[in-house]
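Shown here is one chain on its own, the form predicted on its own, set out as structure tokens.
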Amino acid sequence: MQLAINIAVLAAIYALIACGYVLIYRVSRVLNLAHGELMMLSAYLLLTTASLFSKNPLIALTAAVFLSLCVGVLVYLFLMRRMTGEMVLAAVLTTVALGVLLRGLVVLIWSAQQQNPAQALGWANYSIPVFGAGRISAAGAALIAVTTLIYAGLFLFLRFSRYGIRMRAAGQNPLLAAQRGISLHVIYALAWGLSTFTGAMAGILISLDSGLDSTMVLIGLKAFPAALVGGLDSLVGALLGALIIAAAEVLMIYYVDALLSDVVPFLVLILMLIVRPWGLFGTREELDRV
């Protein structure tokens, strides 16, 4: 039972991060390789808001999430917007440069030492018994609940809301969408904002569960194979890919060696690229346009 709980929590983490990769790619065809750094930045923003609103944890959390969403929109407006119309490779390399810059800024501003936002908020991460012998932390349970709510919200938003339908249209045919009066820059900024929001929720909950340091970037990097395994243009694929990667990683740690935890996601990715390069729910057409 404990093994299944560990897989569920890790899958929730990877799914929450992977949907950020999917949101930007399916709308603008850009691989955001700075997603892990943006997630880490959100967790450090929580550390700052926790010190400012130490007696109001809810306000601190809300402020950190709101600031993270604003950061995502600003990244598009002041950086990625200039890449519109350029080669996809130029946009991808820009996100790589952004990630390196963010890592440096985080170390300069907050240092590379281990931090504990939960302690700053005065929040205890209780262990909750589940089905007898199994146990899950409060932050782990929150991760599963938040991931479920965010995916449900995104499915409803993309299918039924005006801007969700516009996002889908822009992703399928940006030229036709622009001719129909859809502002692509508004849609792309919204996609970056939503992507950073989902990453922020993951980073904040991870930091509340296990603390915070600059190595959080590695978690964002390990979630990238989950998005690729599921298919970069599919939220359902991101869920399934996250579950596959998490199960393989936890089982490898439990039955073989914990040192392999950072390797397993990329081994699964290599196997998927050999068998089905476009992912479980991706399409050949989407892959050809990378």
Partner chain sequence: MSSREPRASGYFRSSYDQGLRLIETRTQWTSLIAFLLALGAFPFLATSFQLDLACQVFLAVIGSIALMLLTGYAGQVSLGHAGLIAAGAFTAGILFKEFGAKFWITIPAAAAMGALIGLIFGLPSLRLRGLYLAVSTLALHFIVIYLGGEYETKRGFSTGIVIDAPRIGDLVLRDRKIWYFVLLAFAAVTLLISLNLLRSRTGRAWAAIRSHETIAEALGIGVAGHKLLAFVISSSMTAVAGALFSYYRGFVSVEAFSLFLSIQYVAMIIIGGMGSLLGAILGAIFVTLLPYVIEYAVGLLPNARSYAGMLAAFNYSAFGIVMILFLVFEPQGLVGIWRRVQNYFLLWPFKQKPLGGGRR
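Note that this is a predicted model, so its numbers are computed, not measured. Positions refer to the first chain, counted from 1.
What follows is about the form predicted in complex with its partner chain, which we do not show.
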property	result
Contact flag, residue 269 vs its partner chain in the predicted bound form, heavy atom cut 4.5 Å	yes
Distance check, residue 104 to its partner chain in the predicted bound form, heavy atom within 4.5 Å	yes
Its partner chain contact in the predicted bound form: residue 260, any heavy atom under 4.5 Å	yes
Close approach of residue 278 to its partner chain in the predicted bound form, 4.5 Å, heavy atom	yes
Partner-contacting position among 79, 145, 128, 154 - heavy atom within 4.5 Å of its partner chain in the predicted bound form	79
Selected contact from 136, 150, 219, 83, since only one has a non-hydrogen atom within 4.5 angstroms of its partner chain in the predicted bound form	83
Contact segment among 238-246, 28-36, 65-73, 49-57, judged by heavy atoms lying within 4.5 Å of its partner chain in the predicted bound form	28-36
Contact set, 89-103 vs its partner chain in the predicted bound form - heavy atom within 4.5 angstroms	89, 90, 92, 93, 94, 96, 97, 98, 100, 101, 103
